[in-house]
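Have a look below at one chain only, the form predicted alone, in structure tokens format.
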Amino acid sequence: MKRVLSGIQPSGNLHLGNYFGALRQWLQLQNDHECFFFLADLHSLTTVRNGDELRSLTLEAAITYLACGLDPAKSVLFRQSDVSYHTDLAWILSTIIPKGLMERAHSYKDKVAKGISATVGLFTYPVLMAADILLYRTDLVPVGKDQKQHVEIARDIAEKFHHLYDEAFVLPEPYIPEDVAVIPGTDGQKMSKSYHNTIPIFTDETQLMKTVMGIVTDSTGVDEKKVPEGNIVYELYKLVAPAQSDEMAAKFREGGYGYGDAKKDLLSGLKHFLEPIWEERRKIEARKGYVEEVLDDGAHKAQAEAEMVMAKVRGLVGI
């Protein structure tokens, strides 16, 4: 059994990209491994500038984790900010990291290019991520391919610490299943809050229909044959209705099947896929105080694990 750790920034409402890119793998991993999943609210401070908004988004993300099937009896679910050792370790690690290592991190340049403020926190984001990982003696870190470098940086930092002091950490490995693909957004780019092209997991049916009908398509006519592979509508439908995806592909190839009808089929598939998650949310919200109880319990378990690592680190560095 391996120890697994991962988290998602609650910088906006979670969406299908989060589900198929992360949550779905978590649900599988929690059955066979020792899992720690956190709400990365400290990381969200690089983009969210309103305290009430961040608290609300963090709670919403916790509800989403639970409604999608994360089981507190199998996994430790907690808020990153509830365990102060994350920032404690991040500072200690930052004192040994060469500046050049941070300058090689591609995510900083990518995010600045997207318009995110070039703050020191954004620049040192990989250090906090390394602390997140190393605190829990993590073996496997489920990440997308675009986050693989952060796990490699965490390994580099751990090895640097071991060279300067002594062994204190487990060297983590990225966990990237072969079947995890980039989830297309409504405009064809990667589905991301940064691109404002997401399909939220929780939304009302009217907004869901508006979002689906607004998916960008080409100008191919109704009667013309279409290639399903790479088509946004088809690729999304294949995720939420895999059993029916061959039927949609055949309709595209035959012609006489327009994007309007395809979007209606996608909308139907999405409703069928999301309704069980929506129903689970209703049950969770009916249990007053349940989510905070889960997060408090998770924070205590996470704190106890992190404390063992920090005790050794503090002893080694002399504080």
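The numbering used is simple: start at 1 and walk along the sequence shown. This is a predicted model, so every value here is computed, not measured.
The same protein also exists as the form predicted in complex with tryptophanyl-5'AMP; that form is not shown, yet it is the one meant from here on.
Would residue 215 count as a contact of tryptophanyl-5'AMP in the predicted bound form, using a 4.5 angstroms cut-off between non-hydrogen atoms?
Residue 215 lies outside the contact set for tryptophanyl-5'AMP.
Against tryptophanyl-5'AMP in the predicted bound form, would residue 147 count as a contact residue? Criterion: heavy atoms within 4.5 Å.
So residue 147 counts as contacting tryptophanyl-5'AMP.
Hey, in the predicted bound form, does residue 234 get a heavy atom within 4.5 angstroms of tryptophanyl-5'AMP?
Result no; residue 234 lies far from tryptophanyl-5'AMP in the predicted bound form.
Residue contact check: residue 133 to tryptophanyl-5'AMP in the predicted bound form, 4.5 Å heavy atom:
Residue 133: contacts tryptophanyl-5'AMP in the predicted bound form.
Listed residue (143, 90, 158, 248) with a non-hydrogen atom within 4.5 angstroms of tryptophanyl-5'AMP in the predicted bound form:
None of the other options qualify; the answer is 143.
Please identify the residue among 190, 162, 74, 137 with any heavy atom within 4.5 Å of tryptophanyl-5'AMP in the predicted bound form.
The option sitting close enough to the partner is 190.
Heavy atoms within 4.5 Å of tryptophanyl-5'AMP in the predicted bound form: which stretch among 223-231, 125-133, 205-213, 164-172?
This holds for exactly one stretch, 125-133.
Going through 4-38, which residues have a heavy atom within 4.5 Å of tryptophanyl-5'AMP in the predicted bound form? Please give them in sequence order.
The stretch touches the partner through 5, 6, 7, 8, 9, 15, 17, 18, 21, 22, 38.
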